[in-house]
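Let's start with one chain on its own, the form predicted alone, as structure tokens.
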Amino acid sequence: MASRSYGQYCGVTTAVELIGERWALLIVRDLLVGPRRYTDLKQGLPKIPTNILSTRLKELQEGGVVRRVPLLHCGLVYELTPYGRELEPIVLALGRWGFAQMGDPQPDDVVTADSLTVALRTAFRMDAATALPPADYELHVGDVVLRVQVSADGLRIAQVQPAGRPVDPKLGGQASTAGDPELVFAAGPGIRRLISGELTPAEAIDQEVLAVVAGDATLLERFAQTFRIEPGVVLAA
């Protein structure tokens, strides 16, 4: 737990003392995707100083949120404890809440594989996935490539690039990368405007927010229905 104490006997206070220090919640966000080596976490949070990363990991371990364990073919990794995994709906709700104030990205803002994975889970609508036929997408955002598979069983995501990062099967599962996706498309951070409903898929293409690389372009309509954050809606539909 962080050394700073607010001196109040309250559950919210304890939560802030556990995960309220700078960078702590972003470490939790990345670990919600799967276990990570120290170097993976540093790569996913390029602006965090190494001493701060080490300190936050130590604090999260002391608070029972994170643990360090051996993982086959990866060596020692950090992963969330069962107590830490209880933060998943809280992190996703925070993502939906913050979505309304994101605005346009700054020139040095980055999108990482883990942040994009969590962003898609944040916007995912299970009701739409159940009502619509299954779909298999490959999404390119900068250097990040995700395989995204949607069905009535839920959402599965595999990180194609950068490769080699494990995805925890308890937290959404990992998509299969066998075979060709039905739709391959590239997008910039402006994909936020598609997810918010500000742009239709046709408008997003016209404004060069996204571009179809291969496959059935009509599936963009299905993607827009399945990944949507309505203005003012924080809780999942």
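Owing to the predicted nature of the structure, the values given are computational and were not obtained by experimental measurement. Residue positions are given as counts along the sequence shown, with the first one as 1.
Below: the form predicted together with the DNA, not depicted.
- Judged against the DNA in the predicted bound form with a 4.5 angstroms heavy atom cut-off, the residues R22, P49 and R68 are in contact without exception.
- By the criterion of a heavy atom within 4.5 Å, G98 is excluded from the residues contacting the DNA in the predicted bound form.
- Within 4.5 Å of any heavy atom of the DNA in the predicted bound form lies no heavy atom of M102.
- With a 4.5 Å cutoff on heavy atoms, L76 counts as touching the DNA in the predicted bound form.
- In the predicted bound form, none of the heavy atoms of R29 sits within 4.5 Å of a heavy atom of the DNA.
- The stretch that touches the DNA in the predicted bound form, counting heavy atoms within 4.5 Å, is 68 to 76, out of 86 to 94, 140 to 148, 125 to 133, 68 to 76.
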